[in-house]
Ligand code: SAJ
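This document starts with one chain, in the form predicted alone, laid out as structure tokens.
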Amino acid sequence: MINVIGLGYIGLPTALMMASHGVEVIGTDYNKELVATLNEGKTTFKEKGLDELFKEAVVKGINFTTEYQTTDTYIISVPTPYDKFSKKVDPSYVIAAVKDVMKVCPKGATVVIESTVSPGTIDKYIRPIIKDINLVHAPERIIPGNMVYELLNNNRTIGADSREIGEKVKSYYASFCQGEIVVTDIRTAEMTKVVENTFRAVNIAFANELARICRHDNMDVYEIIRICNMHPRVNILQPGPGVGGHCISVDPWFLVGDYPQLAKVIDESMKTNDGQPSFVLERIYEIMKENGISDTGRVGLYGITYKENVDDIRESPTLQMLDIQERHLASPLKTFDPFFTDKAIVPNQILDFDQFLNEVDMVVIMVKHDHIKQRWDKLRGKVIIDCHNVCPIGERVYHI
């Protein structure tokens, strides 16, 4: 039996996928409300294919509890935030989970850490608190909005102290994973996951910086990128309003925090991405002046989540922008998002799309949900700032 610890965006799909493929699984989370919801037969967040996977896993016998189990294998999938001052990983959730496992696990048990950590975290923080158990690092490799597909198809990395234990853990993942599963050492597994997300962050930063350069001299960044990408060895990404989520916006900081004198390109790239919401806010101000809009209450941000077609708001560029406004004592812009409707977290949002449009003269497309792509005609007559170059309406459409 496998005890999956942490039933959030990564742990829950992992537990359901294993259970639906015949592995005996018990999911554990300290959040009593979350566990109660799962035991009522309901999922706790929106994700394509998740409800169907949930039903299949329940039929196969998955259970959910707040209690740690006595078994031979554990998968820990808890958050790993970073200290915004030092930029170093905060391993406290992983440490706490491992300590709780140590209270109930037998000698020789295997603890698999899926949480993303900086290189050396397991040696520095986890090894000193364990005794007579096997440690494995199997970093997750999935993205909200496509989790079920990516769990099935993405390649995986298993980092272990011994080949034997690594192969044993590999067999659990191979029960559902159709991609290649590589077994290596723990420190290499730690590094590869962080490097993957850092590569993407640096490339996004290049696109964002290019957008600022082109804006400065009134050039079309999208046309320039389109032409450059016709070269067989060039693949520039698209600029956007910022970087969110718990991977690309967080993991590269681990390297900056651990190697501050070496990670110069990474450091500057992350600062560029972190500064993008401020850049968009300045762009909003410029376009408001150009169109004679003086009341910020007539400006609306479409999209609160960090990416399209999910309800995940972690490190959302929209929330970053609203935080900047609040710190400058400005009244927040109106917001709307079809996937996120919790006014306790975002009190200034309007829950009805037509009401949102009636109350604003300018719409800033922060997230390219399918919802907006199916309703372009409703935006006619509005001033539009398209942060993703997706709006087909030709009238009064601006870009970052």
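Numbering starts at 1 and runs along the sequence shown. Predicted model only: the values in this text are computed from it and were never measured.
Absent from the display: the form predicted together with the named molecule. The rest refers to it.
S.K.: Quick one: which of 300 to 308, 89 to 97, 156 to 164, 326 to 334 gets within 4.5 Å of the named molecule in the predicted bound form, going by heavy atoms?
M.R.: Careful reading of the contacts points to 300 to 308.
S.K.: Name the residue from Asn197, Thr121, Thr110, Thr80 that puts a heavy atom within 4.5 Å of the named molecule in the predicted bound form.
M.R.: It is Asn197.
S.K.: In the predicted bound form, which of the listed residues (Thr296, Gln238, Thr71, Thr188) lies with a heavy atom within 4.5 Å of the named molecule?
M.R.: Here the answer is residue option Gln238.
S.K.: Within 4.5 Å, heavy atoms only: does Val243 come near the named molecule in the predicted bound form?
M.R.: Residue-level check for Val243: yes, a contact with the named molecule.
S.K.: Any chance Pro144 has a heavy atom within 4.5 Å of the named molecule in the predicted bound form?
M.R.: Looking in the predicted bound form, residue contacts with the named molecule include Pro144, since a heavy atom lies within 4.5 Å.
S.K.: Could you tell me if Val280 has a non-hydrogen atom within 4.5 Å of the named molecule in the predicted bound form?
M.R.: Val280: no contact with the named molecule in the predicted bound form.
S.K.: Tell me, yes or no, whether His137 is in contact with the named molecule in the predicted bound form, where a contact means a heavy atom of each within 4.5 Å.
M.R.: Because no heavy atom of His137 falls inside 4.5 Å of the named molecule in the predicted bound form, the answer is no.
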